[in-house]
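A lone chain, given as structure tokens: the form predicted alone.
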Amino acid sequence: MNAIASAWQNLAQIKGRTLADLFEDQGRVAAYSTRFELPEGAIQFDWSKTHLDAELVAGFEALAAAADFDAMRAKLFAGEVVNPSEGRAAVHPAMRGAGNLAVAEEAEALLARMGMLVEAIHQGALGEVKHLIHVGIGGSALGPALAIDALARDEALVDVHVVSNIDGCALEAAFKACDPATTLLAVASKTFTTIETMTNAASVLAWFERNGVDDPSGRVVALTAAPDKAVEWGVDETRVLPFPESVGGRYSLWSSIGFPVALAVGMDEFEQMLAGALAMDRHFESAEGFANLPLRAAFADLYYTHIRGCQTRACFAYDERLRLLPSYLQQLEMESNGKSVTAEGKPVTGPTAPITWGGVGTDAQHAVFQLLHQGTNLVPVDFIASIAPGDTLEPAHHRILLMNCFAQGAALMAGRASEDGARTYPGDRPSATMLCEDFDPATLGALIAFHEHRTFANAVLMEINPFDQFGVELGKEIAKQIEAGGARFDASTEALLEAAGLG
């Protein structure tokens, strides 16, 4: 038995304690809750309502040592290969200024180039610009959509519409909201060949032409790791914003994929978001063991998936500005760690990523919390909230919001006994809370970077590669076969193709 298998065996033999028992320790909250300082403000990471205790923490620290976590983390920040199946580094920390110096300097230069274009657009170099249609898919859309929805609610410098779906209804909705004479198009594609993105981009150009826009290609900005292909497609090189090939799609918000964010809220706020992420990078790179917040979260994640058999993990943002965070985390976590083989290509010996899902409080309380409190599934829950409100209405709104957030965590933990089974709450159900002092660009950056590093830490301890995503390729290949014609499929698929007129 190797050291990793032995560490898992030792963890499985630890007798878990109830939350009520754990909270008999008066120092519990202080030990399992940490204030993370940002350039301005802070985030309180409270993992005290999870079932982690000293014995489990020691067991997981032993697992981290067996998995050589420190060495893998060092490889990530050094810009060495951490994606063995594709022979690539993962340089998203360097996009924020952390890690490999050469890559960080290149990122700084690319960021300066993006800033100059953003400033030129704001100053009218491309004429009056009121709207941007940003077409991308996956990480090229989810990250920008999250950041813009979170940060540009009050007063956007440019009205941005993120379109990812190939369903024409999505693009038509953007057309209805935009004036073609004052609209730019951003095409976000790592390879500049993604069929959904390039089809949507061509349709935007056709919309420009139908509406009498002079030189439609002059209204296009390309965000890509294949700048030559963008130029071949017709984008002037002055409006091509490259990013490194080793920046994965779901980690690309920090690169030129963040262009629509900077255009909407300004380069200063985008750089503040980078600064918040950098602060989390510095912490993750240097903090050891349980003191390392993303690693601590991974300990809890793996306890629930591997020891307690939980198949899902929920995230509920008690802040309307973070309503898109659960969707963002779904891709980050499930595309990264939804694997069935190790980094060496061998079958895994246990579960990998849980299904990530969630919603917005208090809406979710009246929709799905019934299952969390009384259902037969044990679901670890993350709550995220801000002490400072994002609105200017009567304080009662925010007070009620926060009271509900804290009440849910307390109720999940405490439960309530009753002679009426329908009114019995079993309790002893875990949650973690991320409480922000305020919600600003730096806070958003730190939260996203926290989850990136949490995902990486989980992967290292499970011995899997979080940076490839071959699972998304097979469906694409079959779609191309259907488009080309001549291929035969199962009887059900053939019948569906015939019914849809695609046979």
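The first residue of the shown sequence is 1; numbering continues from there. This structure is a prediction, so every number in the text was calculated from the model and none was measured.
The protein also exists as the form predicted together with a small molecule; that form is not presented, and the subsequent description refers to it.
- Contact check for residue 428: no non-hydrogen atom falls within 4.5 Å of the small molecule in the predicted complex.
- Heavy atoms of residue 190 reach within 4.5 Å of the small molecule in the predicted complex, making it an interface residue.
- Heavy atoms of residue 99 never reach within 4.5 Å of the small molecule in the predicted complex, leaving it off the interface.
- In the predicted complex, the small molecule stays beyond 4.5 Å of every heavy atom belonging to residue 465.
- Residues within 4.5 angstroms of the small molecule in the predicted complex, judged by any non-hydrogen atom, belong to 329-337 and to none of the other stretches in 362-370, 329-337, 200-208, 228-236.
- 138 is the sole member of 409, 294, 138, 354 with a non-hydrogen atom lying within 4.5 angstroms of the small molecule in the predicted complex.
- This chain is drawn without the small molecule; in the predicted complex, the residue among 246, 305, 272, 194 with a heavy atom within 4.5 Å of it is 194.
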